[in-house]
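Before any questions on how it binds or moves, here is one chain, the form predicted on its own, in structure tokens.
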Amino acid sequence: MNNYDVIVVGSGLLGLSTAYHAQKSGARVLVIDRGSVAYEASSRATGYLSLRADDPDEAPLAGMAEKLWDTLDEELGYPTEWTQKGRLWVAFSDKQVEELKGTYKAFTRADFGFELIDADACRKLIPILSPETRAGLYTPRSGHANPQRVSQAFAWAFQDHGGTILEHTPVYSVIEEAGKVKGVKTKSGDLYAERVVLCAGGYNAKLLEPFGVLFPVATVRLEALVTTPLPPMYEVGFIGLNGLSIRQTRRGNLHANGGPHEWVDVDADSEPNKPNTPIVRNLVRRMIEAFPVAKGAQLLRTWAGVLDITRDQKTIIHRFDHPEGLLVAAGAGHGFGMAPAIGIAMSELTLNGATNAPIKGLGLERFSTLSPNWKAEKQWHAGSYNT
């Protein structure tokens, strides 16, 4: 009973998507997590698909993910609340307008239909925008979904195909014999598989240390909030240059996050602290500055989540030659939207050793000259903020 074809460590969206596609392809797959399913970053994300138009390595994979989102409800058999009405970046000052022009220049590297629009055009997309709105950067591409629904859909669909999820079971190490992966050591004993996929966010780094791998990922605590439901007002994904992302849910809630984030450490046995702090008041202030109508809304709840960010804030997808059978993925802070495509790529790499997904340039080779002190050099110290 402790033998599987594939063990996926981490039940976030990257892990669940990988496991779903591998199980659907006929493998016997176990997903194992130290906590509950998708309890860290995945179910607490904003829910956007980032097209990564400024990055030639990631943009093709994001484009693949966009196509998959359109039929994901039918694929999984459960609702994700995916809405593809585009995405709008909004500037509220002259300084932000100049920033917006720089972003537009960067985004034209990919053909995702970005255009600079004036304040009136912005308000046609989001009528509740502040009178201080100066300009926007818009694409009809991209979209957003409900993170909790999506996590639930992948987990249920994986189990519908016969997959197994083991919660509240920390993984302490990857078992290797004669250059090949044999399984994982857990709190409940050893579990065996010849292929192990690490999708454990920042904890990937500690699992890879025994193999001499310097995995360039750090973890941060990010705060978020949601209001009580309001009448339907807009459907695009909003990103304010005041550092806030706000989407309106199917039920009318305003779901916002952003602002300073705190660097934190993670380990196998304990859940990182996720307190809300006075930063929430700052989030509320900026939400009201962007959407004055929000002044009359009530906060339904606030929370904090922990997510992983890679050194260059790009996705990592890597299959190791040694030990054979070991793979790793990290989403770099925007793994939510990319998860449908990353799951296919990781599943194919795991089962076939190759994939047709556009992952060129996303391997660990790009970090071959990374300094062992890279976190200190970036000043990404646990307990400090990114400001």
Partner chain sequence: MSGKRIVIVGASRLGCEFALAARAAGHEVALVDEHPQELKNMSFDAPYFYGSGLPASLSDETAAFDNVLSSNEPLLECVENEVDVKVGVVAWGAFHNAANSQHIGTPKVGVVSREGNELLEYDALVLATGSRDFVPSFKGWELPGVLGGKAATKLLVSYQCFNGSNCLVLGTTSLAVEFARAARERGLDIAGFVEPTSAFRAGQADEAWAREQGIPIHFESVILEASGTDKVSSATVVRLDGEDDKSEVTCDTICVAIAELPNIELPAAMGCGLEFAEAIPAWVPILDANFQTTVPDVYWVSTFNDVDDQVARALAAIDGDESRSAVQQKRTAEGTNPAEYINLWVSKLSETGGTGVILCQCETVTRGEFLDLQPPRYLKSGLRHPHDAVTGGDVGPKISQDLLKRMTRVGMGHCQGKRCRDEAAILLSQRFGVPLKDIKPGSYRFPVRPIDMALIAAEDDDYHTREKWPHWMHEEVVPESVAGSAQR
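The structure displayed is predicted, hence computed values, not measured ones. Residue numbers count along the first chain shown, from 1.
What comes next is about the form predicted in complex with its partner chain, which is not displayed.
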* Answer range among 196-204, 83-91, 272-280, 102-110 for contact with its partner chain, defined in the predicted bound form as heavy atoms within 4.5 Å -> 272-280
* Exactly one of 231, 162, 212, 77 has a non-hydrogen atom within 4.5 Å of its partner chain in the predicted bound form; which residue is it? -> 77
* Taking 4.5 Å between heavy atoms as the contact cutoff, choose which of 208, 241, 137, 217 touches its partner chain in the predicted bound form. => 241
* Answer yes or no: in the predicted bound form, does its partner chain come within 4.5 Å of a heavy atom in every one of 37, 289 and 295? => yes
* To do: Classify residue 262 as contacting or not contacting its partner chain in the predicted bound form by the rule of any non-hydrogen atom within 4.5 angstroms, answering yes or no.
  => yes
* Though only this chain appears here, would residue 124 touch its partner chain in the predicted bound form if you measure heavy atom gaps against 4.5 Å? -> no
* **its partner chain contact at residue 368 in the predicted bound form, heavy atom, 4.5 Å** => no
* Consider residue 379 of the chain shown here, and say whether it contacts its partner chain in the predicted bound form, taking contact as heavy atoms within 4.5 Å. => yes
* To do: For the heavy atom contacts within 4.5 Å of its partner chain in the predicted bound form, list the residues of 284-315 involved, in sequence order.
  => 284, 285, 286, 287, 288, 289, 294, 295, 297, 298, 299, 300, 301, 302, 303, 309, 313
